[in-house]
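Have a look below at one chain only, the form predicted alone, in structure tokens format.
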Amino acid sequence: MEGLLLVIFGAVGQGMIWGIMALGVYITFRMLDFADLTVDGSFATGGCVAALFITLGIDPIVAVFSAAAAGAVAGLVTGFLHTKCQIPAILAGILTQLGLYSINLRIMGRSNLPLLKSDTLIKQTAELLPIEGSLLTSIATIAVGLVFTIIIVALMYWFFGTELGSAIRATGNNENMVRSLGVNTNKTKVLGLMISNALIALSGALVTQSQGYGDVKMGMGAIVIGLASIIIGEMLPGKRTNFALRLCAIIGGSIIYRLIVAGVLKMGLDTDDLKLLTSILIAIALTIPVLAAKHHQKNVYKANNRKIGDWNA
């Protein structure tokens, strides 16, 4: 029983801190309609910056927000390449991602930096909890993830309701219309990319402290995980929902994704097959709404034909 609880609590904790990364992906993928592939690089950058700062004895909270600042700079570079250099969005993200790999190596000085002997936010939280046992680290991760998630969701709900935040959302919906109203869409794109990658790097910093090491390859596949969380999350409340609930649903999608992965691994799936599992999950999540819409359309068509037949009779 304790082993099952450990798996569930661990998946929930990881789902929360990875969910912050999914919120960052949501800003570019859904709001800006911008295919940003910087994610894999900026996620690792956040983890590398946090690992370096913590090993230098800097407070873990300071390390987290420093990582977020580094992620914002990565988003700024992608935005500059796209808006000023006129490089297509996908290619701009790829270029930044490639450059960040070398930068991350420079930041840590090596490919992997352990934090076993360093004081992390997870360890500090665990010391404050009045519990002991194997679940302590998982519960501490959940506590940290919950605090950061609540704060970030609240800030996003407030910011994207302001004039500037609404301009960013409108840029993704209809860029030409927003430009006709006198808004500089290049600035809104760059700002959206900076906020997005700041959240992604912040998530990377929390994941680094949770797993106990920073690694230059820790961001591989992060964009796919983020998209999976968004797609699963969007299926939870349906399309007719408010913005705050949509943000919370993305966190829920991340937790569900982690629970599915943990459950499948518990049943004996090889870890090498995780990428295949993720791609299958995304394909299923994308297919279900399409099939549901077709089924609904077919029912409407049958109902209309039935009414026409009744009228003719």
Partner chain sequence: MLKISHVSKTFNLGTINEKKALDDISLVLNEGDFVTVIGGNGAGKSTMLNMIAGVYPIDSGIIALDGKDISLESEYKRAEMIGRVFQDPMMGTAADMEIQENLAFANRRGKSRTLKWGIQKEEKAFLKEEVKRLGLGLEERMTNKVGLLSGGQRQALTLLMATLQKPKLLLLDEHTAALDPKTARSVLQLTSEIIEKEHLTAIMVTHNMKDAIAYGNRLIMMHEGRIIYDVKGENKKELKVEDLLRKFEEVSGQEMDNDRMLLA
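Since we're looking at a predicted model, the values are computed, not measured. Numbering follows the first chain given and starts at 1.
The discussion below concerns the form predicted together with the partner chain, not included here.
In summary, the region of this chain contacting the partner chain in the model of the complex, judged by heavy atoms within 4.5 Å and restricted to 163 to 171, 94 to 102, 201 to 209, 121 to 129, corresponds to 163 to 171.
Just one of 177, 87, 220, 146 comes within 4.5 Å of the partner chain in the model of the complex, counting any heavy atom, and that one is 177. Proximity of residue 151 to the partner chain in the model of the complex falls outside the 4.5 Å heavy atom cutoff. Proximity of residue 182 to the partner chain in the model of the complex: non-hydrogen atoms within 4.5 Å are present. Among residues of the shown chain, residue 80 is not one whose heavy atoms approach the partner chain to within 4.5 Å in the model of the complex. By the criterion of a heavy atom within 4.5 Å, residue 213 is excluded from the residues contacting the partner chain in the model of the complex.
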